[in-house]
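Heads up, the chain shows up twice below as structure tokens, two forms, tagged structure 1 and structure 2.
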Structure 1
Amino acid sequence: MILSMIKYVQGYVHVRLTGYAPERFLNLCGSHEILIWNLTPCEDGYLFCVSVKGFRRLKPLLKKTRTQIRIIRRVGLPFATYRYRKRKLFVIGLILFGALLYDLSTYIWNIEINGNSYLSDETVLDFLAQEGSTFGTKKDSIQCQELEEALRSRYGEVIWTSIKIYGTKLTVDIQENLLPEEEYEKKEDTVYDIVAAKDGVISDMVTRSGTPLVAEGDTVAAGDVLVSGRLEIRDDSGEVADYLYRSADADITARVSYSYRDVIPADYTEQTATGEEATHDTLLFGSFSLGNPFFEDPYEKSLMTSDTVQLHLADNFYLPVWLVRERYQELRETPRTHTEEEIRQIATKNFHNYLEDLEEKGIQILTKNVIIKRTGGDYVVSGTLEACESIVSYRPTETGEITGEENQDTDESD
């Protein structure tokens, strides 16, 4: 392999030898130490390979043995460079291409993020951008170990991370703490009361810690303290000796009423697509945009939808180029009036959506009472709902010290 490469770099020729005494010529070559290889006989002589240097020394031997030599094929670098001597720019381009490819391979072109579930890919990419290790960064300037430490200290939920560079790809492996901290653990420093989030009548109450101030069946207003985080410690005479503070924790549900109101205008304009449409594409590079400058909306009334796509090379490597496609759909407007039946359908649909929204929030609907009235040109849907929902909300407990006098009083009485 190495031998054949050396032969290629030095250059060699395939030749045909004919004449009076070819065997003598071959022996002379041997004694003059001219290397000949791939020697094969042919009908009127021999075919063999000889190096360029050796070929130049053959002339006196040919004369002596009265043989002729003919070059059949030239192989090697010296001939290739001669053949392409008029294509210097091509060679320069080839070298430049190689150099550019080598240079570009020293940058990060692709980022892969694995194992993240709380942190989004975007968050991690933003973090990398802030640390100066995003797309197009030189690989030498990235300190993987320091990045790992920075990532762990920035995001508490990351318990293990590994950042590696393979080729032009940066791989971020993350292991997250999948057990989130419990809510009460977060607010350990301050003590909280449970207060009512809404007006209502308490229907169910389970207190786990704290002093309950209300009971089932009580009517409460928004802001009322339901469970206090302050525990009173009384002495033998029944007077308050001290307070103990501990966050209140309870499940409290209450019957809450909602009022519902929806206005549906009877007259409306119906917009229907005629099926005619036009599209207009624009390329955006930063603040520069490239599109058809003569394009304008061809319709009197139209619906314009615009899709913006950022061009990217790899999965995550986005170029600063956006393609904006605007679609104009022609619309026809016709004034119409809803019938009674249509109004009923729309009202029912809106009301159902409203109920679904409430149920999604975990609110249980108990009773509903809604009527439709026509006032002027509009239909008004109004009514009340009664629902069951958690009214727990937290507020820091007011901490009050027991006055010195009180303390002294109790001391004296002992």
Structure 2
Amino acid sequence: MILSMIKYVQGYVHVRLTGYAPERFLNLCGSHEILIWNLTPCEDGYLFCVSVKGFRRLKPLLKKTRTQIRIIRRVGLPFATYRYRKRKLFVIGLILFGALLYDLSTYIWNIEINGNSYLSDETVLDFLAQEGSTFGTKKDSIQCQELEEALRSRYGEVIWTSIKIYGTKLTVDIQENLLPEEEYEKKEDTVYDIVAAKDGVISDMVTRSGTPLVAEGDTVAAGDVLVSGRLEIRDDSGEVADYLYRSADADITARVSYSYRDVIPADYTEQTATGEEATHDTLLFGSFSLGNPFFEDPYEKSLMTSDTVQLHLADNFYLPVWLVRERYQELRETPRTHTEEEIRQIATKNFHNYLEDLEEKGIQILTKNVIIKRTGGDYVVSGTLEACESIVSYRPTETGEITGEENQDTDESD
């Protein structure tokens, strides 16, 4: 792209080479370091491109090899300037256009965010907007190092970031701490109990710290404390003398139940594309749009898809101009009724996708009991699943106080 722009600014010509020894001429061009490109053979010689400066050095080579050159086409800014030398308004327009491009190159018109997982793109963009470094911001007013420090300070999960400006594009590279999500919800100065995230029967339990309050085989309800972060310190008489607090840590899995229900209508409308299409293009300049104001969807039923592309002159030279292309595909609607075989296939596919979603979350399916029944005009797929999964969730530990009765010495005298 850049090389093509340089060639255009310097100017070049398409020429046809004919004569006695064209191959020798080409070899001499190489030995004299005259650059030619797009070399293709033709019926009586060769076609190629050469710069204006190189073309002026060809005369002695042509004489030596008894060859001739004929200019087919002139391309480039020098020729365009000469062609329009008497059109003052056109020249002024070119100058103003160049000045506008130069002014636009001093702003940020594109933001690229890489490496974020927990932080969404919208969160990072909101942060940049609050810091005054968003779309349309002057590049010289953006302090990349200060932005990096502010981003790390505001979001604890960000352990490294790099913010750079390339052309009119601001690039934000982020590396996040990959600890489990529940670790971010804990405060370092708070002690936590482990509580049940849902109802179930404990199937496996390994406690590393804290006081376990349930055992394998116990039935628990959502919100029950499974492992307490409060340890009781008892005296010689067995009374509670004090409490020691330390966050609970354990792996706990339980058998849980899931209810499944899926409704599949027997009658449906089939939509098929007729092959007819219509497109509508709109140019967006910030809040200003330029398109056909009289365009309407020409079809009674259609599927509309749109693509938005930001225009740019080079890889990192983006402009505040977007091309929006809307594509309308005509649809034909036909009433249909599912057969029982189709219903079974749809039900099987939906149920399989449901199981895959559970397994992706680390849930192990143990048993499945699902049936299909027809109710009116619908088929209802319902049933229960038994699964094994972690039910660990966290809640701040309630602090306890030693009452006077607990501290009172037992009087065993007669």
Partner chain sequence: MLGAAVLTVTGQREALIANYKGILEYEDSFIRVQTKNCRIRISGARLAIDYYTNDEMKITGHIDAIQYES
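Here the structure is a predicted model, which is why all the values come from computation and not from measurement. For residue numbers, the reference is structure 1: its sequence is counted from 1. The term rigid core refers to the maximal set of C-alpha atoms that superpose within 1.5 Å between the two forms.
Check your understanding: Which number, 1 or 2, marks the form predicted on its own?
Key -> Of the two forms shown, it is structure 2 that corresponds to the form predicted on its own, while structure 1 does not.
Exercise for review: Kindly check if the Cα atom of residue 366 is displaced 2 angstroms or more between structure 1 and structure 2 relative to the superposed rigid core.
Suggested key: Comparing forms between structure 1 and structure 2, the residue 366 CA shifts below 2 Å.
Review point. With both forms fit on the core, is the shift of the CA atom of residue 169 between structure 1 and structure 2 2 Å or larger?
Key: Residue 169 C-alpha, core-superposed: shift of 2 Å or more.
Practice item. Determine, after fitting the two forms on their core, whether residue 212 shows a C-alpha shift of 2 Å or more between structure 1 and structure 2. Key: No, the C-alpha moves less than 2 Å.
Practice item. Check the Cα of residue 112 between structure 1 and structure 2 on a core superposition and give its shift in Å. Key: Once the two forms are fitted on their core, the shift reads 9.8 Å.
Exercise for review: Mind pulling the C-alpha shift for residue 159 between structure 1 and structure 2, with the rigid core superposed, in Å?
Suggested key: Comparing the two forms, residue 159 shifts 7.0 Å at C-alpha.
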